[in-house]
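Okay, so here's just one chain, in structure tokens, the form predicted on its own.
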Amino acid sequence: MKIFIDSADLDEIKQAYAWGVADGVTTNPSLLKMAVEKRVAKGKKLDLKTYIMQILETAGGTPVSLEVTKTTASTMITQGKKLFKLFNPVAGNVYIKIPVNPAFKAKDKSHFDGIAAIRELARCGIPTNCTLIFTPEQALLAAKAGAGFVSPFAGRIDDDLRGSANLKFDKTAYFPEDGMEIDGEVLHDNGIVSGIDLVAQCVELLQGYGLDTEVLAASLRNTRQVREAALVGADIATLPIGVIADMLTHHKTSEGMEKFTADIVPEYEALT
């Protein structure tokens, strides 16, 4: 499974690539704006365009998702083409992030505008990351339209399920892959019992029909969730740097290192 860093902080992105584990970057306009403003406030001369280019260069040819801000098919297509033309020449690694359904209400006329935008961008050879996936059927439609990635939001499904039961919870807390039972019934959203279940069903559906679209597990909040996303076959997981760092920790590893370093053999060290 590939690991993308979910961040707009260039220092975090550089760190993830320096660790040798990053295969791409996901970000959004709000976080990019905040990251630039933070640096400008410290006296650095910087603009948003230059900052995005620095991220693209740091990613070294691996995918970087740049999100549209428009909400109709025509405007998303226009904006997506402009973003791709402006930034893809930097490192040839831009994916345009398109919402699967940009409508604010289920019956709005723009209901299928995200799918239409993906289809047109794909026709033009522009790769897309279809975001805000909360059902396997949304993933199927996006894949059929030609999305390069579909991004099911695992953590947000877990939040929604706990919220539906009026539970108080910490977003980083583990949510059972097989679902959570309340008063003898398993919480579910139209048959989806957890965020990992959503990822698994997206993987099964797309692989079952031989679609080339990759499943990008998003909104992962802890290392066990990352493990489970990998085990159900997610192609990619996008993670905040803290979760990436936590993947390497275990108390027995630290304990072992203490014992190893306490038992240094001078004769062996002298050989090196």
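Please read all numbers here as calculations on a predicted model, not as lab measurements. The first residue of the sequence shown is number 1, and the count goes up from there.
What comes next is about the form predicted together with SN-glycerol-3-phosphate (G3P), which is not displayed.
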| property | result |
| --- | --- |
| Residue (of A230, L31, L48, A245) lying close to SN-glycerol-3-phosphate (G3P) in the predicted complex, criterion heavy atoms within 4.5 Å | L31 |
| One residue of H188, R156, K81, H111 in contact with SN-glycerol-3-phosphate (G3P), assessed in the predicted complex (non-hydrogen atom, 4.5 angstroms) | R156 |
| Partner proximity in the predicted complex: S65 to SN-glycerol-3-phosphate (G3P), non-hydrogen atom cutoff 4.5 Å | no |
| Heavy atom of K97 within 4.5 Å of SN-glycerol-3-phosphate (G3P) in the predicted complex | yes |
| Proximity of A234 to SN-glycerol-3-phosphate (G3P) in the predicted complex, heavy atoms at 4.5 Å | no |
| 4.5 Å heavy atom contact, N222 to SN-glycerol-3-phosphate (G3P) in the predicted complex | no |
| Candidate stretches 213-221, 57-65, 40-48, 200-208 - the one whose heavy atoms come within 4.5 Å of SN-glycerol-3-phosphate (G3P) in the predicted complex | 213-221 |
| SN-glycerol-3-phosphate (G3P) in the predicted complex - contacting residues of 6-25, heavy atom within 4.5 Å | D6 |
